[in-house]
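Consider the single chain below, provided in structure tokens and representing the form predicted alone.
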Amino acid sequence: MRIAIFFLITFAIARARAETFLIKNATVMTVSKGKIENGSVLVENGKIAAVGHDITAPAHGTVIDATGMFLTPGLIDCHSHTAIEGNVNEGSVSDAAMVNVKDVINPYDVNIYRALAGGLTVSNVLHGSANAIGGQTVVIKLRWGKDAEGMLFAGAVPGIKFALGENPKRQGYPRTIFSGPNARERRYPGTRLGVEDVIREDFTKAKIYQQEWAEYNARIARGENPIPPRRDLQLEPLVEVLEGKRYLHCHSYRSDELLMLMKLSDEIGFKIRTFQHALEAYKVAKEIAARHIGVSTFSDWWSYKIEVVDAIPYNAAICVRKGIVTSLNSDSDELQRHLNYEAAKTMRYGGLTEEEALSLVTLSPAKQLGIDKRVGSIDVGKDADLVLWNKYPLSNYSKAMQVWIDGTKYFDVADDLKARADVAAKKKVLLEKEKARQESDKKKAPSGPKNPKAPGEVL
């Protein structure tokens, strides 16, 4: 029945278009310019056209009276594995830079719809953390009902996933086939030292590869006709990192490893965009801030494995106070459904203001992903990615009532409830037909024993 509901709503959304509408009398939490009581937001052609008071209602649009409700930007998750078809790890190699999450986005994953119901509109979908250098990442908008191409965030800078610690060295995972005491196959690296070595070695190869192509292009410019270097799909993403064309997001926990990668980046000359999870970032926040690296962390996860025993719920607040662009991420199809609650925890653990807390799941992750000119706050000219809440969004009593992406409504509580009723009615009709069919079959069945005993046969 649930699947039927999802497809029923999907069909309706797939036909939807960006509309012109005015949301009025809401408490507008812009994130960038404070809070507007009894405010209004006008949306036209998928963009925010006006924000403030006394905005004239469009003659050709819809007016939504949001009295007593709250309007925020759509929530943004800087670390997600939602909508990935199959396993998130290409764990057979230490460097999986040649694989791309974009190629396996599954637009039918019901977790997309469930995330929308929690106010989430943008996700940074990452490869897993089994590799020191993982696969390429992609930013998507949760346009439920669109195909995979239709979910891509056009213009977003592509990324790549790196990982430090237990996961890439594959220790502590007895079921792994690559390393550890119960391994069926050996795969380098098996230590934290080896993880560093993989990253250094492959960036060294990438710099050589980059130079080969630079020399080739220089010869072409001089009018020569040289043989081009052999393309290497494993090294090309690393060259893009070196040239600032691809963001490096690194799964990490321990402060010593954060320092290791920062020193390695200084040595080689690549830029780290974000440390993901980084539960010990508070120990080295000064060093992270000095390099303008973002931190995307959990609100209060700790002790789920040995390398996170020093995690504290004040990590996000400390990072914010040290001047780091900080966000909260989900890493979970469940947690992505209530990132607003996660943000609220930082007001209790660290004393962040309302706007700072909300920024952790809106504007700050947008900055980390390089999409803050498009999304993350309620400002004129930005994409109309909006969430209307029935109550204060930093309360666990709040609920997303309507969610828009690019001015198109992709979730509505009223539509969802109506769809459930419609599906229940159709299900009832089908069950009654099936019951009637079974009764008809019984009447048509021949009477007598099904296996009559033949003369002289022993049953």
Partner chain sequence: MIGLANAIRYAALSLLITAAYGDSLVIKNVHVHPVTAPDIENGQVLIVDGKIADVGKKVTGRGAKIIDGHGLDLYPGLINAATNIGLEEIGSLRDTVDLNEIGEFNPQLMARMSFNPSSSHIDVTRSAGVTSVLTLPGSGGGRPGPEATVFYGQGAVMRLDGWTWDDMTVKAGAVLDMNFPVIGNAPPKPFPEMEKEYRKKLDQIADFFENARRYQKAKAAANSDFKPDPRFEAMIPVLEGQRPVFVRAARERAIKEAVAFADRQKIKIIIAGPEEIGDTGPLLKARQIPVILGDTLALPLHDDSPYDSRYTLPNEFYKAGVKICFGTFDVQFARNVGFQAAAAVAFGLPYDAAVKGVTINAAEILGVDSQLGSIDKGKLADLILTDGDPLEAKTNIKMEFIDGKQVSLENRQTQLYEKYLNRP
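Positions refer to the first chain, counted from 1. Keep in mind it's a predicted model, so treat the numbers as computed, not measured.
Below, we refer to the form predicted together with the partner chain, which is not included among the displayed structures.
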Here the chain is shown alone; which of 380, 290, 347, 208 has a heavy atom within 4.5 Å of the partner chain in the predicted bound form?
-> 347
Checking 254, 143, 114, 246 against the partner chain in the predicted bound form, the residue with a non-hydrogen atom inside 4.5 angstroms turns out to be 114
Is there a non-hydrogen atom of residue 200 within 4.5 angstroms of a non-hydrogen atom of the partner chain in the predicted bound form?
-> no
Answer with yes or no whether residue 341 is in contact with the partner chain in the predicted bound form, where contact means some heavy atom within 4.5 Å.
-> yes
Residue 420: heavy atom within 4.5 Å of the partner chain in the predicted bound form?
-> yes
With the partner left out of view, is residue 27 within 4.5 angstroms of the partner chain in the predicted bound form by any non-hydrogen atom?
-> no
Name the stretch: of 368-376, 151-159, 264-272, 306-314, exactly one has residues whose heavy atoms fall within 4.5 Å of the partner chain in the predicted bound form.
-> 306-314
The partner chain in the predicted bound form - contacting residues of 283-308, heavy atom within 4.5 Å | 283, 284, 285, 286, 287, 300, 301, 302, 303, 304, 305, 306
